Structures are given as structure tokens and as C-alpha cells.
Ligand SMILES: Cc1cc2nc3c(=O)[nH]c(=O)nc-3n(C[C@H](O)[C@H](O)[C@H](O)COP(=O)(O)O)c2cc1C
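For reference, the chain that follows is the form predicted alone, supplied as C-alpha cells.
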Amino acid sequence: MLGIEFPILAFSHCRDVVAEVTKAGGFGVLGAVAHTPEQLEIDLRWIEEQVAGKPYGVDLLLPQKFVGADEGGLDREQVRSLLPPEQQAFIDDILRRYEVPSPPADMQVGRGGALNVSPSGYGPLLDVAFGHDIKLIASALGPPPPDLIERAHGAGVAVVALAGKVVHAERHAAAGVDLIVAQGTEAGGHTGEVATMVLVPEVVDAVAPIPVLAAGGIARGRQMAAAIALGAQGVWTGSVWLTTDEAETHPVVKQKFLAATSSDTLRSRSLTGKPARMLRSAWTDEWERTDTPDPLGMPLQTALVAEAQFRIQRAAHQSGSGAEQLANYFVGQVVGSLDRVKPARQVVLDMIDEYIDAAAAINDVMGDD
């Protein structure tokens, strides 16, 4: 369906990772929800120069439920007006207590910016994406809108949607998607509560004959073999690319990932307003306290914390600083297996080598003496 050698799809916000995975025989998918149309145009043009006709895709957040959905989305001023004083004061208090410095005046971000999760926000991104030779468009956090599916199919572009429950997968199937990602709770980023081992075969049975990709806790060939054994046609991966040579992961966060165990993540609403698995840090600890305000809904929470996250990232390189303690990012439980930095191409090849060995071992177990 996708014209690839290996059934490994790699989600990344880094264009370098996308290009390297595609060139290695997999399928890179660029996470573009935080891009401006201008940035996306630049990145897609660059990717196409690198991959020389090999396939790649684009991923956007297309939730049905978010603050302002009934109005078709909110502009920056509307978002800013909806940020409660209590939550703003809490953010200011975190930055003060952890002594996170302010950026220079010409680098001020300010509150009120939001993710491109409304039609008015992601529409221009879709226009850019369909102006390029993409082979796949992915919808996270909800079924793709009917007009998107029609547009994609008219352009010969496959549509994939992520599901954390069987009911979500059934809605995607009814909408007419071409591929469904069954994403277990182990996964990084926005994820549900059902484990990959349970979810994948349930989704495979529920949506057959639509192909299913497995996601959540997959960074090695043995895990890929397990996904295939569960009925998946391939794997959708994300966390494993965060510690590659090419990844744009903040250096401090990358080192935290390399030192982390599989117990060092949690699902938190503290960055986007929806439950997302990320590395535990002083930031998540602050939001988990019982005496602190609740996170806001999407996209208000992102608007609330964007300035603070920018300041934290700028100052996190200072060893022992409060910003270093606060720094974190989305990552899955498989982070415990990510203990070294490797080129993205090597990750693909290592995964395939181990997959072949694992598949042979399964045959040996079931074979004759």
C-alpha cells in the first residue's frame, strides 16, 4: 500500500529523522501540528529533496473536542482572554521558585498562542501538505473529517487514524480511513489507558480487513515481531527516534531519556490539556500536587504554558538549575530501553535484524524436534 521495504512508520517532529527513516526503507511521518504553513512548506520541500521520490507522510492533531470547537476555533486574543488568573499565577510561581530567567525582550513569546487543532488552524497546513508529494496523512485525537478523507483519496493519499480504544477504531473504519494505528497506553504523547498487548488484537478483529499498525512500547525488533504476531501489518513508532543522532530533542532532555527507566513516565495533562505520556520531572510533579489548579482544556493549556516551556528550554542547559529540573518532553515507557544515541538509519536496520531473529525463534519454538 505504501510502497516501502520495511513496515516501520516513524512519527517525528524532526524532518531529519523523517528523511533518514524513509531513505532506510521505512516510512517517515512529520508531526506538523506546531508548524506554521511557511515552516511546513520549507520542511516538506527539504524532505522531498532528501528522499528522492521515496514515500513519506504528515501527521496533524484533528480532535473533535476542544475548547472553542463550537465556534470553529479561537484566535490568539480569544485564547488569552480565557486563561484563568489562578492558572497564570501558578505558572508564574513555578518560574519564580525554580528561578527560570526571562528571555531577552526581543525573544518574548507571551501567552495566548495555541496548537493548530481547529479547521481554521490546520486548514492552511493541509493546503501546504497536499501541495507536495505526500503519500499519507495521519489524524490523531479523532476521526478524520469527511472532507479530508475525500480530498486525500482524490489525491491518491492514504489516510491513517490513531485509536486508543476499539470504539475509536470502529469510528475510524466507518469514516473510511485506509489504515488504523492501535496505540497502547505505553506510547508517548496522547494516549489512552489500554495496553498494546490487549488493544492490538481487539482492533485487528474489530476493523478487518482494514490494515492495523501497532503502536506503544515498540522500539526493537522483538517488539515488532510481537506486534505482527498480534495481527498488525506493521508498526507505528515515535519514542525510539527521540534519542537518535538526528533528533532535535533538547540535549538535556535527551540525556534524561538515556538515563530513564520504564517507570519514569506518566500520563499528564500539563502540556496540552489532554492526557499525554511524558517524562516525569519537576514540571509534572508540580501539576500532580493536590493543592495546585487543574490543567486547562486543549488548546488553552498549551497557550498557558508555551511561554514557560520556551523559557525552561532556553535555560535548561545550565547544570543544576531549576530549568534543568523542570525540563521534560513526551516519551513512552520504552524509554527504559533507549540507553544510547544511534543514527536513525541504524535504528531501522537494527530493528529489522532483531525482527528476523525473533521470527526465526518463534518458528523454532513451534517447529518439530
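A residue's number is simply how far along the shown sequence it sits, counting from 1. These numbers come from a predicted model, not from an experiment.
One more form of this protein, predicted in complex with this ligand, exists but is not displayed; see below.
Listed residues 140, 136, 296, 226 were compared with this ligand in the predicted bound form; 140 is the one with a heavy atom within 4.5 Å. With the partner removed from view, the residue among 212, 199, 169, 215 that has a non-hydrogen atom within 4.5 Å of this ligand in the predicted bound form turns out to be 215. This ligand is not drawn, but in the predicted bound form it has no heavy atom within 4.5 Å of residue 324. Using a 4.5 Å cutoff between non-hydrogen atoms, residue 242 counts as a contact of this ligand in the predicted bound form. Interface residue remark: residue 234 is not counted as part of the site for this ligand in the predicted bound form, having no heavy atom within 4.5 Å. Contact annotation: residue 187 falls within 4.5 Å of this ligand in the predicted bound form, judged by heavy atom distances. Heavy atoms within 4.5 Å of this ligand in the predicted bound form are found in exactly one of 123-131, 172-180, 215-223, 85-93, that being 215-223.
Contacts between 332-351 and this ligand, taken as any heavy atom within 4.5 Å in the predicted bound form, involve 332, 334.
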